[in-house]
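Here we start with a single chain on its own, the form predicted on its own, put down as structure tokens.
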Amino acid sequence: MSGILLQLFLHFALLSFLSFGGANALLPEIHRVVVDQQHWMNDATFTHLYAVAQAAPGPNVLVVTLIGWQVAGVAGAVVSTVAMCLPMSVVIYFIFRHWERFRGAPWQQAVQTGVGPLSVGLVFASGTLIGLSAGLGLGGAVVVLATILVCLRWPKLHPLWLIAGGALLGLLGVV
């Protein structure tokens, strides 16, 4: 395995152990590694890859695949995806075989209680990072807050309506 592929594997394998809330929850740390630490890409490229991953159907881990592709081609895409998915999947497989045996244990309840807020905080940090990287101004922040309020008020509203509304505001130059 070449040096760059080994680096991709090690970074994403370590990140996989923090992936509470999925790949989106890890965006700040992924950004720190690939943009700030390794300088494999700049902010704009990172944001573009995230946008492509979110626009495409499929799992959120697609952003990791695209980052690997950007850094080292097809081999980088494969190595990054495997590194992000495999280690924690193996751990979860073995943990959940015994999880029910400890139902009601104080440490188990502490883990379950802590993971929820952790995931919400990580996803919020990811949204903030992407917003800042995309140059989200005051108009964009207002649109984000309005979208949150709409989602809370009408939770059954299909997200495509909100995406279309955001796209329309972008076309009109509001954001």
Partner chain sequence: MADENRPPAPGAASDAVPPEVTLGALFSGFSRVGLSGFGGVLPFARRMLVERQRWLSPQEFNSVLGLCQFLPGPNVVNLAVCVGSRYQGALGAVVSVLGMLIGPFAVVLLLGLLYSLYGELHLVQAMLRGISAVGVGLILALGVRMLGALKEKRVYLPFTVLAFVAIAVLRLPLVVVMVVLATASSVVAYRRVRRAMATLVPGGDK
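Heads up, when I say rigid core I mean the largest set of C-alphas that superpose within 1.5 Å between the two forms. Every value quoted in this text rests on a predicted model; they were computed, and no experiment measured them. Residue numbers count along the first chain shown, from 1.
This protein has a second form, the form predicted together with the partner chain, left out of what is shown; the following refers to that one.
Interface membership of residue 34, defined by any non-hydrogen atom within 4.5 Å of the partner chain in the predicted complex, is ruled out. Using a 4.5 Å cutoff between non-hydrogen atoms, residue 119 counts as a contact of the partner chain in the predicted complex. Remark: residue 4 does not count among the residues lining the partner chain in the predicted complex, judged by a heavy atom distance of 4.5 Å or less.
By the criterion of a heavy atom within 4.5 Å, residue 13 is excluded from the residues contacting the partner chain in the predicted complex. Of all the residues from 106 to 122, those having a non-hydrogen atom no more than 4.5 Å from the partner chain in the predicted complex are 106, 107, 109, 110, 111, 112, 113, 114, 115, 116, 117, 118, 119, 120, 121, 122. In a rigid-core overlay of the protein, residue 45 has its C-alpha displaced by under 2 Å between the shown form and the other one. With the core held fixed, residue 163 shows a CA shift of 2 Å or greater between the shown form and the other one. After superposition on the rigid core, the Cα of residue 143 moves by 2 Å or more between the shown form and the other one. A decrease of at least 3 Å in the separation of the C-alpha atoms of residue 160 and residue 53 is found in the predicted complex, compared with the displayed form. Put simply, residue 162 and residue 67 come closer in the predicted complex: their C-alpha atoms are 3 Å or more nearer than in the form shown.
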